[in-house]
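Consider the single chain below, provided in structure tokens and representing the form predicted on its own.
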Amino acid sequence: MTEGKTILTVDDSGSLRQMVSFVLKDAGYDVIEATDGRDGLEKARTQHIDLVLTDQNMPGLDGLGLIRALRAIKKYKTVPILILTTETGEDIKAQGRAAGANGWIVKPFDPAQLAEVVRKLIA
């Protein structure tokens, strides 16, 4: 059930945000876009978010920093968080899990796979 579910997508690449938003809106979700970790954190503090999809490498506040900041907020203790990144190393994945990420999607991503992973996590 996607109705009324809101996803925050955080990425410093405008074209990637557009692509992710298109896929998720097509799957029936409401999407809020943030341009970097600080923008994402601000939007998460002021709006209801059901799932966060964040890039790792961003200026200012990176994905791991954003995840740690979100997990420190009571209402985000259990909200699913996915990292969408080009990085595939086990060390960065371990850091992501330690920060509180629920999953990892590698760019370039398959739109159907992205929609399916989001659907499973947000159900």
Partner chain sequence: MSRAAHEPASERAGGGSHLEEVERDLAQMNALLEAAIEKLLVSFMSIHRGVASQEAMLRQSSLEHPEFSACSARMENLRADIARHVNEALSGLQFQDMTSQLIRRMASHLSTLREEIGGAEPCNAQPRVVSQRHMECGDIELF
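Positions refer to the first chain, counted from 1. All of these numbers come straight from a predicted model, not from anything done at the bench.
The form predicted in complex with the partner chain exists for this protein as well; it is not shown, and the discussion that follows is about that form.
> Is every one of 31, 35 and 65 within 4.5 Å of the partner chain in the predicted bound form, counting heavy atoms?
No, the candidate spot makes no contact with the partner chain.
> For residue 122, is any heavy atom within 4.5 Å of the partner chain in the predicted bound form, or not?
Residue-level check for residue 122: no, no contact with the partner chain.
> Using heavy atoms and a 4.5 Å limit, would one call residue 7 a contact residue for the partner chain in the predicted bound form?
It does not: once the partner chain is placed as it appears in the predicted bound form, residue 7 has no heavy atom within 4.5 Å of it.
> Although the partner chain is absent from this view, report whether residue 93 comes within 4.5 Å of it in the predicted bound form, heavy atoms only.
It does: once the partner chain is placed as it appears in the predicted bound form, residue 93 has a heavy atom within 4.5 Å of it.
> Examine residue 26 and determine whether its closest non-hydrogen atom to the partner chain in the predicted bound form is within 4.5 angstroms.
Although the partner chain is absent here, residue 26 would touch it in the predicted bound form, with heavy atoms inside 4.5 Å.
> For the stretch 16-47, return the residues whose heavy atoms include at least one within 4.5 Å of the partner chain in the predicted bound form, in the order they occur.
Residues within 4.5 Å: 16, 18, 19, 22, 23, 26.
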